[in-house]
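Okay, so here's just one chain, in structure tokens, the form predicted alone.
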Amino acid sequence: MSHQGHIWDKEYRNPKLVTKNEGPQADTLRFLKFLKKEQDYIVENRTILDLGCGTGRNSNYLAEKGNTVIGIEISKTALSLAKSRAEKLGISVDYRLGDIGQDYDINNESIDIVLDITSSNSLDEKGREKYLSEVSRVLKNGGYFFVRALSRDGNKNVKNLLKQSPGQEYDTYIIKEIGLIERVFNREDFIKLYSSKFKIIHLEKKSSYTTFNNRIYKRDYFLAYMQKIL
């Protein structure tokens, strides 16, 4: 297991950032609603790839809706919990232990929807390049890609982290308490990176608050709905 894999495994055993919720994430539900309302696209009987699937919150929900779901997760602890929850629900999800910054054992153009809910932020630049290439390869033409990524724009906490605890790569910082490296984006950099391979059909910024070490921190995100169009 990679260094980041050990960090995430430790995080899932003793959560400081992730939650223990079992239901689908609100941002995922909003994305599905957008597809239905704005794209006339119903997410049923689809093949879905959930990158960094964690404990299966989104994967299990989507499988319950009749979709074929593949979930890739780097943490053995999270994956074990995801499988246990799927078994209790009586559903089948193809859960795989793996790094989303490496090759995917998935056929070309076989996936209808790819989800990346704040998972690729832990990749280094080499891994991020591979992840983008692999998502483009496995996604069908016209398929959808939902990314939630960390934003640095106007966030004082991020500004302090970049200054006080910088990572080795551009716009990265280290959360020293858990050893996690995170990549943040400004709007221009995000658009430049993802529009090189995908059409961005909706992009917004949102804020949320998390408690860490008994302090409340603001976390800002970009929510991007994209489509692969050759």
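Since this is a predicted model, take the numbers as computed values, not measurements. Don't overthink the numbering: it's just position in the shown sequence, from 1.
A second form of this protein, the form predicted together with a small molecule, is not displayed here; the remarks below concern that form.
Residues of just one listed stretch (185-193, 158-166, 32-40, 48-56) have heavy atoms within 4.5 Å of the small molecule in the model of the complex: 48-56. Interface membership of residue 139, defined by any non-hydrogen atom within 4.5 Å of the small molecule in the model of the complex, is ruled out. Contact check for residue 118: a non-hydrogen atom falls within 4.5 Å of the small molecule in the model of the complex. A residue is said to contact a partner when one of its heavy atoms sits within 4.5 Å of a partner heavy atom; residue 12 meets this definition for the small molecule in the model of the complex. The shortest heavy atom separation between residue 82 and the small molecule in the model of the complex exceeds 4.5 Å. Only one of 147, 135, 113, 74 comes within 4.5 Å of the small molecule in the model of the complex through a heavy atom, and that residue is 74.
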